[in-house]
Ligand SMILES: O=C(O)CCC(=O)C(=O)O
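Single chain ahead, by itself, as structure tokens, in the form predicted alone.
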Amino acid sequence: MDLFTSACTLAPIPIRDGELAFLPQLPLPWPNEVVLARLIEETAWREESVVVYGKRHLQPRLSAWHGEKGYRYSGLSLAPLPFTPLLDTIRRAVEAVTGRRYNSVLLNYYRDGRDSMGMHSDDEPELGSQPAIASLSFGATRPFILRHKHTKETLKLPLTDGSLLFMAGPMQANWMHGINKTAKPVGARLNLTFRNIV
């Protein structure tokens, strides 16, 4: 049986004004800890600076951009590196589960609890009006926070090692998401967000 066509189905998460679904473990040819170690070792990590409320700040995490097209957000322009064989294998697995095509991936490396991601939406024009974002996590579990832009309703989802979270429909128009800092001892976490630049 082909690894990527085996039965594994995203489970819908009920949510207003968006589409959200979760898979506890993405099927891959290697154990999660091997993928995590290889991604940390093989990725050309960068510490980027972004503009927030008119001021430039270093991002509290390391990142890398791979794909077919460039990407721009918060005053930062990312030139793409090509997909590596490892990233391409992971991409095909994500595409098989979600039924969508992705031509780019943003990798974020959270080294410890001091690294974080501020609340934001992936709503840049080059992602289209209703982007499909597939978020794959490896390593330590961190709470993924979702907050509705209008009702302020908040959800917290623990993104576990090897899990895939899929966001689509009007999700980015109506919700923000982020990863908070934590004072608790926590190990490294790597997140890959696959997307299609139009």
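Residue numbers here begin at 1 and follow the sequence given. Computed from a predicted structure; not experimentally measured.
The same protein also exists as the form predicted together with the ligand; that form is not shown, yet it is the one meant from here on.
Shown without its partner, this chain lists Ile179, Ala21, Val186, Ile15 as candidates; in the predicted complex, only Ile179 has a non-hydrogen atom within 4.5 angstroms of the ligand.
The single contact residue among Leu36, Leu26, Ala132, Leu159, judged by any heavy atom lying within 4.5 Å of the ligand in the predicted complex, is Leu159. Interface membership of Asp122, defined by any non-hydrogen atom within 4.5 Å of the ligand in the predicted complex, is confirmed. By the criterion of a heavy atom within 4.5 Å, Asn196 is excluded from the residues contacting the ligand in the predicted complex. Contact check for Leu87: no non-hydrogen atom falls within 4.5 Å of the ligand in the predicted complex. The ligand in the predicted complex comes within 4.5 Å of no heavy atom belonging to Ala93. Along 103-118, residues Leu106, Asn108, Tyr110, Met117 each place a heavy atom within 4.5 Å of the ligand in the predicted complex.
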